[in-house]
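The chain below stands alone and is given in structure tokens; this is the form predicted alone.
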Amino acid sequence: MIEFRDVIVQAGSFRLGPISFEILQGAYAVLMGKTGQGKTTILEAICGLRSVAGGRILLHGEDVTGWRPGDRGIGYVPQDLALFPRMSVREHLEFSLKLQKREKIEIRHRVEELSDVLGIGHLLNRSVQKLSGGESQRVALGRAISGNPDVLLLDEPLSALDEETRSDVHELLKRIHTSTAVTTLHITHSEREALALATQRLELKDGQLQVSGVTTNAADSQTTGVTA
């Protein structure tokens, strides 16, 4: 579960909030809205990469507002992917597992499992600088989920891909969510993505955040104010 309680983010002349919303446990939430309204700011605040000026952020019922990014149990794929240029594909998949001080055999098994699911087993020893856009996207996603995060945040993960690759990664995201039930928040401008993936939808529009359930058992719609 992801919850904002009257959260305010201030950066220069830009102000987001106070804003409140709740994403249900195990939901695949899609956040839409025009450029510049604060969608990425919301992800960064959840991650702890951007401090908040007011309010509280809760993950699975626990107040994490003051926690360090690495303590929040979050997998994050930024829009630019932020792959490490001097690391191989294998090293990216190992990254969070080593930070968690997992045993070597566990790391090896997890990397094998992920590379099989993501279809990148043949790329494990390749430099990320020699990957296609779709391959890079899969590596970034693998790095984000390798440590079995409680929350997965995706910032326009399909926007830079061609149509065929986009369809492949689209199906991959669905399979990952089905198998892990990780609570997910996905930013997109694509109505097609939202319709296919979302069990909850959020939209920043005209200074308001609308949150709606799109599955049979989802919560009723609600609207909360946003100042941008």
Partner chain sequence: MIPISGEVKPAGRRRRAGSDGRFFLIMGGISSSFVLLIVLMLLADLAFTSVQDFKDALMKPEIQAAIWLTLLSCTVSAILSVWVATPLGYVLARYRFPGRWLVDTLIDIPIVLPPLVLGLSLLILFHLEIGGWQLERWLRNTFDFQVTFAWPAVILAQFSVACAFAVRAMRMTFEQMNARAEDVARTLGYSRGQAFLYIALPQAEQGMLTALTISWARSLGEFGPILVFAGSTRMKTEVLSTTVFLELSTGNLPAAVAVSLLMVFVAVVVLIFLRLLGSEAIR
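Nothing here was measured: the structure is a model prediction, and the numbers come from that model. Numbering follows the first chain given and starts at 1.
The following text describes the form predicted together with its partner chain, which does not appear among the structures shown.
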4.5 angstroms heavy atom contact with its partner chain in the model of the complex for Ala194
no
Does at least one non-hydrogen atom of Gly54 fall within 4.5 angstroms of its partner chain in the model of the complex?
no
Whether His122 contacts its partner chain in the model of the complex should be assessed with a 4.5 Å heavy atom distance threshold; does it?
no
Is there a heavy atom of Ile107 no more than 4.5 Å from a heavy atom of its partner chain in the model of the complex?
no
Within 4.5 Å of its partner chain in the model of the complex, counting heavy atoms only, one of 30-38, 195-203, 174-182, 44-52 shows up; tell me which.
44-52
Residues of 67-92 having any heavy atom within 4.5 Å of its partner chain in the model of the complex, listed in sequence order
Arg68, Pro69, Gly70, Ile74, Tyr76, Pro78, Asp80, Ala82, Leu83, Phe84, Pro85, Arg86, Met87
